[in-house]
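In what follows, one protein chain appears twice in different forms, each by itself as structure tokens: structure 1 and structure 2.
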Structure 1
Amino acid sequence: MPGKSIRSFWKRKSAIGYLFAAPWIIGLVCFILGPIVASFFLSFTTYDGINPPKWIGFMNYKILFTLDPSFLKALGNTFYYMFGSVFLKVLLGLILAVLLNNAGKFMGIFRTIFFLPVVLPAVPVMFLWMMLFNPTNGLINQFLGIFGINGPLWLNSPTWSKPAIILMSLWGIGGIIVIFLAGLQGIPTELYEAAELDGANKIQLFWKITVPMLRPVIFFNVVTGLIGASQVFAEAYIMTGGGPLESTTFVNLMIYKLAFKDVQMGYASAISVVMFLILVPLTIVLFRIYRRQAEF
């Protein structure tokens, strides 16, 4: 019976396939897909973590958007941070990568320096920047003082607290630089040579060749950057506690406080679902990029 033996052969192989993938199938269901469904469910309930969740329909969402100004404020703060930090990181990262790419044999040294902050642990880095941002004795304002500039209160000012956290995030720009560098090295040098023969200068080369050729990499950095920045939490938790005047209360800090300090898990879930729905388009975009790459 050759037919049957082939079938059982495939069956056996299939079984091994499932067996090898089993850890991930469990992980995917328990730690990702299940929790997503559960978040949607919890967002329609009121739940204190002890008594069973009570269904209240769209009440949480109604409160979020009509009665709770702190949610819209947190959403605004998070967008401010996301777009501010990603825009500056990508812009500065691209400029530094282009410069590095021209640095010849010294490239390695500069790259080592620019990347170093990326590997440093977040909590010590935040303590360090709290010192640097100190309004009277901090290094930054003393430096500004040399030029006669009276530096802002940084983390103690509702206006400057977010720019301060964005400024700190720029210290971790090394990851983006390295990704851009890899992209730059993939641009054929003949393109530049041909344009130079036509008399193009360096600035024209940058805008007419480098930027268009890097467009996919720029796009990738922007999208992953936005999703990453939307998770901003520890900065506010450690450096500002969400203040002053809620100016650094980001969405994740709000979720954390509501869910684990005030145990309003239903309401906190509704916030997480709103954030999820806002970010899902970005996830879909990245999914398409990676699927194409996976197929070669």
Structure 2
Amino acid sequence: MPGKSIRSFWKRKSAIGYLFAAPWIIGLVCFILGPIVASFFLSFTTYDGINPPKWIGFMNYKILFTLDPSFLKALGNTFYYMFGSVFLKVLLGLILAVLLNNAGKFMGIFRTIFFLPVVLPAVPVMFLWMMLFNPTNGLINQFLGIFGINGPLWLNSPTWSKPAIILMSLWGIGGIIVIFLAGLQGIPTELYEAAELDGANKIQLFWKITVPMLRPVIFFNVVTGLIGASQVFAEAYIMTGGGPLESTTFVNLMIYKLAFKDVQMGYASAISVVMFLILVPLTIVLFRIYRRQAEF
């Protein structure tokens, strides 16, 4: 029967496809979905990682929102970093990508130069930035001193510690630049030529053609940037340890300290669940804003 042979053929094809996808599916279940479900369960318990977890209901969440001011401070630090770093990365990445797109035959060289810092090991780079941010003999303050400016204490100041880490995050802007360059290469040149014939200048070309045509790329960079920035950990752990005065204690660093230093894994799981429940609606709102703008 032709129908049965076709169905059996597609079943074999599907089986082969699932077989090749099996390593990824197993990894998804074991290392992503499994820990998510376990975190939800452990958030309702007290658990030290050794003894069996004890069910305590919503006690962790009650303590979190009523008795622990450190969480709200860590949450504020995280959102400060998220929106500050993503705004600067997307803005500077777009500007640099537009400039590089007009570099002609040198675009490949400049693209490599900007992307090179992304592939460098993170820990040595952080120690390099710690030297640059040194308030007494760091190169940044020495450069400011040339103009008679007394540089701040940077990582040693509660006011400047988060801006310093945001400034350091721009080191990895190369990935965003490459994505913007790919989007710019996909814009038809006919649009620019027609607009120039109508008398449009460079600024009008940028706002009326480049930005609207790059809207999906901008949205992608914003969403992935916010999700990535919400997971900030190594920068604060290595460079400041969460200080000074908890000014760089981000949510992930707080979770790490509670889970693996204070051995309060149930309470740490509750914080991770709350962060998850914050990021999911935020992402949904961003998608709805993008869809509404796309309709106009």
Partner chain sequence: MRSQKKMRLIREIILYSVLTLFSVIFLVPLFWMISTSLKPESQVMTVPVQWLPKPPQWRNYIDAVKAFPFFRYFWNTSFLAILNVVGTLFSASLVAYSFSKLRWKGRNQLFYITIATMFIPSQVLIIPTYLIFSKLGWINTYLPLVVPAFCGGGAFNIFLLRQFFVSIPDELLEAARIDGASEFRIYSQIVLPLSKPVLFTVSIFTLLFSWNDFFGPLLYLHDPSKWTLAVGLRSFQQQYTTTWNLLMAASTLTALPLIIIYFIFQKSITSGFALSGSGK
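Take the two forms, find the largest set of C-alpha atoms that superpose within 1.5 Å, and that set is the rigid core. Numbering for residues begins at 1 and runs along the sequence of structure 1. Because the structure is predicted, anything quoted here is derived from the model rather than measured.
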Taken from the structure described, the form predicted together with the partner chain is structure 1
(Q) Using the rigid core as the reference frame, would you say I26 shifts its C-alpha by 2 Å or more between structures 1 and 2? (A) yes
Rigid core fixed, the Cα of I284 shifts between structures 1 and 2, in Å, by 5.9
